[in-house]
Structure formats: C-alpha cells, structure tokens
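In the form predicted alone, a lone chain appears below as structure tokens.
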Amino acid sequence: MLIRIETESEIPIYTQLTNQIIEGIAKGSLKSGDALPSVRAFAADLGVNMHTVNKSYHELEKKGIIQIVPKSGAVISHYDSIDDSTMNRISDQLRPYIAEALVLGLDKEKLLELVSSLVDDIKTK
C-alpha cells in the first residue's frame, strides 16, 4: 500500500495516515489480521516522527479498526458487521458534511450520486 503524505496540506499528517490506512482496508489492500509496520519502521519509511505514526495507530484503535497488541504490534481487526455505536459515530461525523453540502446547494439526488461515486472510486482503484 502506497502512503502519500502531503506536508503542505492543512490536514494533520497523522490524520492523512489514518485516512489512507482506512482507505487501504476499504479497498482490500489491507485485510483483517494483517499486521501494520512497527511504529519505528513506518515512521522511518514515511520520514515522519514516530509520535505521528503512534497517534495515527491510536486513532485507528479508538475507532476499532486495529488492535494494538503489546510487543506484537498493530493488527487490523476483524469486522463483518457494524454495531449501533459505530453506526452512530459515523452518522455524527457525516452529518456536518451533509448539512454543508445541502446549504451550498447540493440536492439529495446529487449528494447520493456523489456518495455512490466515492464508494465506487474507493472500491475500484
């Protein structure tokens, strides 16, 4: 999986890393049970601080996407269904973006087309 860090971006590096790992899992590049590189090795490969990778891994763990096993590293969690609390968290995160899109003039049909296009883009690239 190729990780691209944009140092000029307004998005913090740990968030870029977190988002790209999640997208890699969604695309199937990373699978349940796969181990992520050690914090030290990943940081060296990306040319970032170890704390940046560590913060990303803890964000992923907080979302239930990986498990951090002491002395073994980070492993992608097994997931085959979504629980209510995760569904609520995702809904809460999407809500402001959907409201913004509606305020800026995107109607429901166009918004659904956009979401469908993004899902297709993630799944096919």
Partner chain sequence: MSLSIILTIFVFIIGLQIAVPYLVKRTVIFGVTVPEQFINNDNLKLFKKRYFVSMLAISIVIMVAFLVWALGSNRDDQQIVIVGTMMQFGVILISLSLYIYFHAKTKQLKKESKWTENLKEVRLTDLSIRSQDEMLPSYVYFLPMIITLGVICYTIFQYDILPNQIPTHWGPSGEPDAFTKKTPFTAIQLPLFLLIMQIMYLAIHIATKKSGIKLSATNFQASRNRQLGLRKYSSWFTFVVVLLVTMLFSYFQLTMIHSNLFSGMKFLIPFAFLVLVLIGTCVFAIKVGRTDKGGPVKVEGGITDIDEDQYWKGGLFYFNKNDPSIFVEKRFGVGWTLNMANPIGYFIVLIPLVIILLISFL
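This one's a predicted model, so the numbers in the text were calculated from it and none came from an experiment. Positions refer to the first chain, counted from 1.
This protein has a second form, the form predicted in complex with its partner chain, left out of what is shown; the following refers to that one.
- For the candidate set R40, H78, R95, K62, a heavy atom within 4.5 Å of its partner chain in the model of the complex is found for exactly one residue, namely R40.
- For the residues N49, S72, S32, N88, the 4.5 Å heavy atom test against its partner chain in the model of the complex is passed only by N49.
- Exactly one of the stretches 80 to 88, 63 to 71, 41 to 49, 95 to 103 approaches its partner chain in the model of the complex with heavy atoms within 4.5 Å, and it is 41 to 49.
- None of the heavy atoms of T124 is located within 4.5 Å of its partner chain in the model of the complex.
- Although the partner is absent here, D120 sits far enough away that none of its heavy atoms falls within 4.5 Å of its partner chain in the model of the complex.
- With contact defined as any non-hydrogen atom lying within 4.5 angstroms of its partner chain in the model of the complex, the contacting residues in 1 to 23 are M1, L2, I3, R4, I5, E6, T7, E8, given in sequence order.
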